[in-house]
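A lone chain, given as structure tokens: the form predicted on its own.
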Amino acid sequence: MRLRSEELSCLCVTCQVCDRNMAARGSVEEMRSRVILGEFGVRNVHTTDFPGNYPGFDDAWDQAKFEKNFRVDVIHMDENTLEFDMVGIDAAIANAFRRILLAEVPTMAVEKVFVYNNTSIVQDEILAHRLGLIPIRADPRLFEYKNQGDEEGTEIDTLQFQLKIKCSRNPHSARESSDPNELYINHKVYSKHIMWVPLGNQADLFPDADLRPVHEDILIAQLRPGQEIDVLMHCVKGIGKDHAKFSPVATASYRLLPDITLLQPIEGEAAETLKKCFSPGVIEIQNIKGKKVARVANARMDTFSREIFRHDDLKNLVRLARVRDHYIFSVESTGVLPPDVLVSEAIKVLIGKCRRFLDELDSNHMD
């Protein structure tokens, strides 16, 4: 069957319109789901998928849709570090979660230092400050917050530690020695010298508790014969929002999942150059029919130095982007609590905030 020229012309116009619509929709999808890293700037950084912003897209909140798309994948976990992916959330929620980990998950830390004797060269104020920053291995969930007006601590809200040490000469050291480690005894004051002194019935409440500093090798001061330190410390429950010493994490950060696309095959020496532009393990070279061909092996490992834009022959062959709703979290605990426990406690804090907000809305509605 032959088509007339008018019909062919209409068919061509229709195909062109469909191609343009598909291209436009693809561009919108990219804008909604990817943050694009260019040579001179970053595009699509703002969240735009709110109701009514994109014709043809239903962006109204739907709990079933959220539960379907949301997931948490644990990538790596050891004693003090945790790396996990949180997928399907907005940047505001991810950042709120990070800030809660830093500032609103409680821990126990030295709040008061009673100095009975300090003849070291470290001033009392500096000594107290150093003691306050030593992480204490004590589960804060077992204690209550101390009331502001209470001067004396009790067994339910305070832990007591003592540091009492005196430096003396080693009578067995060699006469010609000049090494302080041989000449003196207790000339270095470490966190391992801090001892727990039970308050009230704490010895019965925590019979198996290992209450002590997290690390035993933190250097507090150095002494010489005749110098001594005798202090008593009170630890209380607090949050990092009040003081950094209460922060349970050494670091808590997130980054968006990298997305690297090769827009056309890259072969030969160009493939080798491309591999050097990215972090180790991101690009690998395959041997296909005797040719070196580059492929993206693991985009997750890239740090996006954007070294590729220094090469004019390669910069237009690669698209650098980040997945907008895929967050890679890294949590490093100070050792007070395991990182997975810190994450679960942060989730509880966030749930509590949401409940208080809903209660406020209900109370205002009733008024």
Partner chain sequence: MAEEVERKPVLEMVQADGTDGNCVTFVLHDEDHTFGNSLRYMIMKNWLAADSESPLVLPASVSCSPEVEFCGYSITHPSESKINFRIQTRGGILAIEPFRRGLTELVDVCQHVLSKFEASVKEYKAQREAEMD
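Positions refer to the first chain, counted from 1. Please read these numbers as outputs of a predicted model, since none were measured by experiment. For clarity, a rigid core is taken as the largest C-alpha set superposing within 1.5 Å between two forms.
One more form of this protein exists, namely the form predicted together with the partner chain; it is left out here, but the text below deals with it.
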- Sort through 184-192, 230-238, 93-101, 292-300 and report the only stretch with a non-hydrogen atom within 4.5 Å of the partner chain in the model of the complex. 93-101
- Of the options 205, 142, 75, 126, which one has a non-hydrogen atom that comes within 4.5 Å of the partner chain in the model of the complex? 75
- Classify residue 163 as contacting or not contacting the partner chain in the model of the complex by the rule of any non-hydrogen atom within 4.5 angstroms, answering yes or no. no
- Would residue 51 sit within 4.5 Å of the partner chain in the model of the complex, counting heavy atoms only? yes
- Does any heavy atom of residue 82 come within 4.5 Å of a heavy atom of the partner chain in the model of the complex? yes
- Examine residue 58 and determine whether its closest non-hydrogen atom to the partner chain in the model of the complex is within 4.5 angstroms. yes
- Item | Complete contact of 70, 348 and 355 with the partner chain in the model of the complex (any heavy atom, 4.5 Å) | yes
- Query: Hey, which residues along 323-349 are within 4.5 angstroms of the partner chain in the model of the complex, non-hydrogen atoms only?
  - Reply: 340, 343, 344, 347, 348
- Task: Verify the C-alpha shift of residue 356 between this form and the one not shown: is it 2 Å or more after superposing the core?
- Result: yes
- Mind checking the CA-CA distance of residue 360 and residue 148 in the model of the complex? It differs by 3 Å or more from this form, so is it closer or farther? closer
